[in-house]
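Here are two versions of the same chain, shown separately as structure tokens and labelled structure 1 and structure 2.
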Structure 1
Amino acid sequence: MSEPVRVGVVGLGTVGSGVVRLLVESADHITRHAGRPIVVERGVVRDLEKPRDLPLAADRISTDIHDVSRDESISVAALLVGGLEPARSMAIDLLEHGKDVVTANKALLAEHGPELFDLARRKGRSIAFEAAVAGGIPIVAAIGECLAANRIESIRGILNGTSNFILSTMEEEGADYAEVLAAAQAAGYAEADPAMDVDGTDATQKLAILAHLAFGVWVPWADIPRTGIEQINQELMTYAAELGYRIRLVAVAARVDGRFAMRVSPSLVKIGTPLAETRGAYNAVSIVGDAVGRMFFHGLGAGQMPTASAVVADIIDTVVGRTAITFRTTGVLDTDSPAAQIAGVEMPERFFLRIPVRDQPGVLAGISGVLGRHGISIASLIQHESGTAGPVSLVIMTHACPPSAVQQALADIDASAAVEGRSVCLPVLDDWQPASRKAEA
């Protein structure tokens, strides 16, 4: 039998523990796919005193990254710590000392990807990162390899399992956001500090990576407009359902007249479509390619074993040499990749507006007039009778229009004396497809 490949696992938390278990407990299966045994040589942790139930001897675990980076018998390192530091310094140390790196850290790649990938190429090493986006869904390989013959036209994705769990549970149980968030934290679906999940940051970082893979351009993730789910309540969900839609946090990237539009926002998706039926902690990604048309990927986007599955698959690809080939040839996260300016690039869409108005004559006419002056046409309107004093909700679905026109119109509307409070504006994701596909249809 061939000599075993020795692996170091940096970070033995939820995902790292799952990786060790898979490599040990599925050793025969993994050896068959890799062509040689893969052995966990060392693990690195922050706290040695933390109890761990792992098939890894205690003397193989330390707190020193050098025990992996300086060990010449180790050729592959799984970097499974979160955040930017010390993750960035660890990645540099591992690459500088000749290790191929497998990581699940999307924040690190979204912030420092070009720098780290440039270092890896200069050192003749590779970085694999399937687990960094959409957990167990093989979306990185799908875009970077399987769909390489395609010019990708658009990506739409539910990329954060925590926010999707919260929204779908609110919908199913009729509960409010704060109540479901607390339950999600108690069940371990949400972190004690869930900010990056619920404010759209996590999904935006993943979108930046996917957009680079799909379009070959680099967009700093902080430049991508993002809106979180904190404003979503039962009233909005009820109105959306009345119109035949559900609300999901959706990341969107699309070619628009040779440029790129990107955003992450709670959006209305039609009931019965795949994104609308994606529930719980699941992720989903819809891709339109110019040759293959629309494709859809669905699966658990987080959790110990789905993410560990993606990490181990990357380790196997690294061992057999597939990662090195694609890493050399595709130019992924290359420092020479052109930067895309997405500011001012607009994709005309329909919008759902909820406007809190005084129940008095002339209000509807005034709001219609403001929308008309900004070139916005009304597709449908809902205003239910109110049995209480105070503002009532005016719900409007627009025809397709530029997002900037809607924002300007809402600024004027919210400044009106007839409006009490701030309006809510959510994009409506109808079945968008590129002009070339429309012509074929």
Structure 2
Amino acid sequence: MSEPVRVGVVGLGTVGSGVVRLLVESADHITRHAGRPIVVERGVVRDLEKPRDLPLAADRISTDIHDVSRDESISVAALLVGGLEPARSMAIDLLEHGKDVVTANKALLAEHGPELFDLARRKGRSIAFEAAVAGGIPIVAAIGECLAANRIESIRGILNGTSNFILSTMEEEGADYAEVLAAAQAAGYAEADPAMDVDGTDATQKLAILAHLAFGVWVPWADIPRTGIEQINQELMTYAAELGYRIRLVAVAARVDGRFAMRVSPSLVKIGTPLAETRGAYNAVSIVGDAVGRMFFHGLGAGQMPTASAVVADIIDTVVGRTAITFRTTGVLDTDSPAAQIAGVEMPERFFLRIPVRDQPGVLAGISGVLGRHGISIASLIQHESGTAGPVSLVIMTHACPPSAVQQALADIDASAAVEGRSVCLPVLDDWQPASRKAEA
């Protein structure tokens, strides 16, 4: 049997603990895949006093990153600390000291990826990051390696397990937003700051990484328009269901006439289609490649063991040398990647509008007049009797139109005296994904 490979695990929180458990409990199986044993030599934590039930001796755990970076017996470090600092400094320290790095930190990659990848290349080391996007789904390998022969046309993904858990639980149990968010935190799905899950930041950072792998361009994640799920309530879900849809937080990136459109937004997805049937902490990614056609990936996108599954697979790939080959020979997260301008690139779509209006004569005519002036055609309309004197919801489904036309029309509508409060506008993903003409010819 070959010499064991020694690994340092930096961060023994939800994911780090799962990685240690998996490496210990599945050691035989992992040894078979790696060709030699992989042992956890050291763990690094922020707080030594925190109780931990781990198969790692207490004298192997410290608070000092140098215990991993300066230990020459360790060749691979799993960096499983969230946020930007100290994660960035730790990554630099590990790479400077010759460690290959495996990480699940998408915020770090979305913000500092090119800088860290550049350092890794200069040092002859690698960074593997399968766990950073869509948890246990091997989407980074799928796009970066398995689909490499394809020109990727589009990606649609449910990329945040916490927000999907919140939306699908609210929908199925009629539960309240705050109560379901607390359950997602207790289950270990949510980020340390759950605002990043529900405001779309986490999904947008993951989309920036996937779009880079798929299209070879680099878009700063903060440039991608994003809307979170905070405004989604039972009323919107009920109207969506009446029209045959569910609401999901969907990240979209697509080629449009030689440029790229990207966004993250709560969207209506047709009941019975794969994205609509994605529930709980599951993630889903649908991709169209020109040769392969439509593909759909589904699996747990958050949680301890699904994420640990991706981290340990990356450790094995690094140990056997697969990561080094793809890392050095491809331009992933290269500082020279061309930047893509996504501002102003429009994908005509249908929209779901919920407008709180006064229940008075002429209001409907006024609103349809504004939509008409902006070239927006109404596909269907719902107004239920309210039985009260307060505003009533007018729900409109449009035909396909440019997003900018809807935004301008809604600005006019919301400024009208007949509207009490702000309207909600959600894109509608009718066809679960356009086909590839080449693949289906």
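Under this definition, the rigid core comprises the largest set of C-alpha atoms superposing within 1.5 Å between the forms. Model, not experiment: these values are computed from the prediction. Numbering runs along the sequence of structure 1, starting at 1.
Which depiction, structure 1 or structure 2, is to be taken as the form predicted on its own?
-> The chain shown as structure 1 is the form predicted on its own.
Flag for Ala192, CA shift 2 Å or larger between the two structures after aligning core = It does shift by 2 Å or more.
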